[in-house]
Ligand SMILES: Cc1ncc(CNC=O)c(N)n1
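The form predicted on its own is given below as one chain in structure tokens.
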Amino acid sequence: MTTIETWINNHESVYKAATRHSFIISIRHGSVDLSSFKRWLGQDYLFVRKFVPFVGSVLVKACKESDDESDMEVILSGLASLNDEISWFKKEAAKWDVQLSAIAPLQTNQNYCRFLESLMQPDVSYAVAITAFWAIEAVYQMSFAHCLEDDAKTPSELREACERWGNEGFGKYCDSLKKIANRCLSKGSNDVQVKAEAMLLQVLELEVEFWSMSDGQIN
């Protein structure tokens, strides 16, 4: 069992809460309140704009610390795709009449973005940063893929959003990030592993809060 698999087993309840949140289940069942979807759309657009410099910082760490040149190519592909992702959010917002320029980040979103900024600091190791990167991407992949399963009743107008992160190609990309993270963790010190596990747990908790914010349970 890999390091990450062990940690997921150790934190199974919060991992399940992050990847099978009631907001995601409501999309899968076709019972989602569209106001919740619109709230998620606006808040996630703001989050992705803060996510870009974080991914850029992971790329810099890879260039300095990685022992495998292919890491840079995997991370760079993810960074490049974020430009298209921002364009998608703008197009989707126009479709749903969501005025992105009028949206302010809610407290939960602000907390998550501050967490991203903390991971960009020079004293955060590449192993910790790449594990966080994988976790953030993997939660979306696992969540939205659940909405695309054969027995899902996901509304047709929301399938494009689910396919954006739930598709097989994005799943393979997440697997590539996971392999990098596991390789780095296997070579990391005990201190690095302790920090990475704590950080993974924090990512999962923040993801749960972000879904809850989208669902209107918290701000």
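The first residue of the shown sequence is 1; numbering continues from there. Here the structure is a predicted model, which means the values were calculated and not measured.
The discussion below concerns the form predicted together with this ligand, not included here.
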Inset, instruction - Spell out, yes or no, whether the shortest heavy atom distance between D44 and this ligand in the predicted complex is within 4.5 Å. - result: yes
Legend entry - Contact label in the predicted complex: A145 to this ligand, heavy atom within 4.5 Å: no
Legend entry - Contact label in the predicted complex: I136 to this ligand, heavy atom within 4.5 Å: yes
Inset, instruction - Would you check, heavy atoms only and a 4.5 Å threshold, whether L82 touches this ligand in the predicted complex? - result: yes
Inset, instruction - Tell me the stretch among 136-144, 95-103, 69-77, 117-125 that has any heavy atom within 4.5 angstroms of this ligand in the predicted complex. - result: 136-144
Inset, instruction - Would you confirm whether the three residues V48, Y112 and E207 all fall within 4.5 Å of this ligand in the predicted complex, going by non-hydrogen atoms? - result: yes
